[in-house]
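In C-alpha cells, the next block holds one chain alone, the form predicted on its own.
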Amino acid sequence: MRSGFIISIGLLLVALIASCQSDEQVEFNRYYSGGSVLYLAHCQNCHGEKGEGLQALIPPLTDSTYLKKNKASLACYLKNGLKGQITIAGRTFEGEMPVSDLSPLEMAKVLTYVTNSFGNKAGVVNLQQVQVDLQKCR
C-alpha cells in the first residue's frame, strides 16, 4: 500500500514537471523527437550516426556555422538534392546528395533535429519556415 502511494506521488510530480514546459519547448520536443526518427531512416546511412559524414565523400553535419549561414537553403537541399562542390569547415566536398521524398513537415522535423544535434543549437525549424524556404528554391 505504501509503495503504491509513493508511485502515485512520483507520477504526479512527473506530470506536474511536464506540464510546466512552455509551448515553445513542447513544440521543439515534438519536432526534435520526430526528426530523430527521420534522420535515422533517411540521413544517417550517409551522414553518420553522429553527423560526422564520410571522409572526403559526404560532408559532416557538425559545422554549425555552415548550417546557420545556409539555413534558408537546407529545405531546398532536401527537396532538390545537392550537386557540385561545397566547402564545410575548410574542407571541400564534391558529389551528389539525392532528392528526398520527405513532406514539408518531415523536412521541418529532420532539420530541427540536425540543426540541434552534433554540437549545433539553432532552435526549431517549423513547418511554416520550411514552406517559405521551399518557395524560394531555385
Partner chain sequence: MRKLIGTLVIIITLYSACKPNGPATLPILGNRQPVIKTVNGKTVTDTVYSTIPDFKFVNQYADTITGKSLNGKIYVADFFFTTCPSICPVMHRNMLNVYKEFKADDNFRIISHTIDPKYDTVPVLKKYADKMGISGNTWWLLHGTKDETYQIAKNYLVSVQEKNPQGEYIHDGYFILVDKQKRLRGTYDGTDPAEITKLIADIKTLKAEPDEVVAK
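Numbering follows the first chain given and starts at 1. On a predicted model such as this, the values are computed, not experimentally measured, just so you know.
Below: the form predicted in complex with the partner chain, not depicted.
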Report yes if all three of 76, 82 and 133 come within 4.5 Å of the partner chain in the model of the complex by some heavy atom, otherwise no.
no
4.5 Å heavy atom contact, residue 103 to the partner chain in the model of the complex
no
Is there a heavy atom of residue 27 lying 4.5 Å or less from a heavy atom of the partner chain in the model of the complex?
no
Indicate whether the partner chain has at least one heavy atom within 4.5 Å of a heavy atom of residue 70 in the model of the complex.
no
Residue 44 near the partner chain in the model of the complex, any heavy atom under 4.5 Å?
yes
Look at the stretches 29 to 37, 48 to 56, 62 to 70, 108 to 116 and give the one with heavy atoms within 4.5 Å of the partner chain in the model of the complex.
48 to 56
Using a 4.5 Å cut-off on heavy atoms, which residues of 60 to 99 contact the partner chain in the model of the complex?
94, 98
